[in-house]
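In the block that follows, a single chain appears as structure tokens, in the form predicted alone.
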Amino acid sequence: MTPPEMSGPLTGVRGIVLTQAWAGNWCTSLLGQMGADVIQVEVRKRIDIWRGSYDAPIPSQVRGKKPLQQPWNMGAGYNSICLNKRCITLDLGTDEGMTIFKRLVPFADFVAENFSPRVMGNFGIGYEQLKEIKPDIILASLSGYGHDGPWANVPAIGGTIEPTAGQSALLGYAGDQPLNSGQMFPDPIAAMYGVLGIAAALRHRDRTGEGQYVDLSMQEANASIIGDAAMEYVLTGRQRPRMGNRHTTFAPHGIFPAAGEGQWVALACETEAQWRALSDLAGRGWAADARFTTLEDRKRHEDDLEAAISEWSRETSREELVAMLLGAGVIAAPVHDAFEVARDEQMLDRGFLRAVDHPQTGEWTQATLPVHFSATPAEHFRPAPCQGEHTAEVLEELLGLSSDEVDALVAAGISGEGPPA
């Protein structure tokens, strides 16, 4: 058996990964889309929560699309964030399963995981132990708060990282309580930082021959994206207030209704020229209104400004309104829902959105690699793996195991597919 065809800047790199859920899985998927051979190790007794569950109903949208359909391979979340991986199953709680995992490590350039800090050490496969197997190995750990400090062992998910990273303090409306984004926003942020950390460690290894331990904190990764607000507090002692969709200096800056239910347009005026263009376009005499004459006036009367714009904007369809605003030189964009994003012409044309045919769910549009490489283009995109789909392939290819030996692992419950016996 031969590994799948790869392309991209990481072609020739291999990762053995124990990642789960969103942050770790998407991090390692992006590496796979950049050409790395990413081998996902899953444990049947602890199914990845993004796979769903073993007894979940088959979603109506995919039911009957393919002859073989198993609930644990139908999870839309898992299938959207685990592209370009191979999946094997091993029970790492058994001596034989752990032995096989350790035998795979010499074939890896990096190992990645996003357990709580104590798990890898409890398994006996922390960084020091992995270095004994392969001295130049890279281990990347993506955890909530990093592997040291007083919060190291505090469980975390995206929804708890948002407040501890300071994001929730800035999300919400003036005079109201802090809010979370509702999208587990910290996970993809941490995933992208993880990609950068692993890529930098690979570069360091290629230049020096040294491996590295990448200890990523989701909290720290996400605190970095509100660095301006944090620095403002450090320098001035001022806590930036919540301001909804408003901007610290621009006015107007927000989301405004268009004609039709649930139709919205984002618009902003960064300059006085843009403000005059918006006023002329609306034909309501805003530029001559004493409340809106200067930027300082508009910021002081922002409630009145937004009410006036909303009264005007809701008379026109979203697409027509955006075209008018852009034609006048005003910053504007339609607010799209998820279904519209999946049909976005710009992202389709650039190849970020691609049709990917999964062996059990059929063909669906998936978000792929948001980067183009001129010298090492990434051109091969494969569906997320079914559970244990590549166990025999990988163990034969890397370890030389026979089909009888793989079958024995399945019979012992160490490997296999689906619910454990």
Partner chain sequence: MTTPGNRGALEGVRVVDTSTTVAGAWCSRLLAGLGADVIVVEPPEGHPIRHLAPFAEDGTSAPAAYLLADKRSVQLDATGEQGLAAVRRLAAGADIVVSSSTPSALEARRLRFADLEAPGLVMVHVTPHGMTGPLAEVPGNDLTVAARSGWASINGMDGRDPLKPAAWQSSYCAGVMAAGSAVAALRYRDAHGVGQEVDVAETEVMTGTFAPALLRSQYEGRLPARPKEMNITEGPVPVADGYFALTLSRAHFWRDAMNLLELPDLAEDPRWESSAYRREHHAEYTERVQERMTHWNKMDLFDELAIRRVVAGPVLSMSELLENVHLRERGFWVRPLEDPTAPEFAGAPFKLSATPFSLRTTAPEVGEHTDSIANVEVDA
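Keep in mind that what you see is a predicted model, and the values were worked out from it rather than measured. Positions refer to the first chain, counted from 1.
The form predicted together with its partner chain exists for this protein as well; it is not shown, and the discussion that follows is about that form.
Participant: Which one of Phe107, Trp312, Phe123, Trp151 is close to its partner chain in the predicted complex, taking close to mean a heavy atom within 4.5 Å?
Facilitator: Selected option: Trp151.
Participant: Could you spot which one of Asp297, Asp215, Glu96, Asp280 gets a heavy atom to within 4.5 Å of its partner chain in the predicted complex?
Facilitator: Comparing distances to its partner chain in the predicted complex, the residue within 4.5 Å is Asp215.
Participant: Report whether all of Leu10, Met74 and Ile189 sit within 4.5 Å of its partner chain in the predicted complex, measuring from non-hydrogen atoms.
Facilitator: Judged in the predicted complex, Leu10, Met74 and Ile189 all sit within 4.5 Å of its partner chain.
Participant: Would you point out which of 221-229, 286-294, 86-94, 99-107 contains residues with a non-hydrogen atom within 4.5 Å of its partner chain in the predicted complex?
Facilitator: Contact criterion met by 221-229 only.
Participant: Report yes if any heavy atom of Ile81 sits within 4.5 Å of a heavy atom of its partner chain in the predicted complex; otherwise report no.
Facilitator: Yes - in the predicted complex, heavy atoms of Ile81 and its partner chain come within 4.5 Å of each other.
Participant: Test of understanding: in the predicted complex, would Val62 fall inside 4.5 Å of its partner chain by heavy atoms?
Facilitator: Result yes; Val62 sits at the interface with its partner chain in the predicted complex.
Participant: Within 4.5 Å, heavy atoms only: does Gln70 come near its partner chain in the predicted complex?
Facilitator: Residue-level check for Gln70: no, no contact with its partner chain.
Participant: Please tell me whether any heavy atom belonging to Ala367 falls inside 4.5 Å of a heavy atom of its partner chain, as the geometry stands in the predicted complex.
Facilitator: Contact check for Ala367: yes, within 4.5 Å of its partner chain in the predicted complex.
Participant: Taking heavy atoms and a 4.5 Å limit, what residues of 225-261 are near its partner chain in the predicted complex?
Facilitator: Residues within 4.5 Å: Ile225, Ile226, Gly227, Asp228, Ala229, Ala230, Met231, Glu232, Tyr233, Val234, Leu235, Thr236, Arg238, Gln239, Arg240, Gly244, Asn245, His247, Thr248, Thr249, Phe250, His253, Gly254, Ile255.
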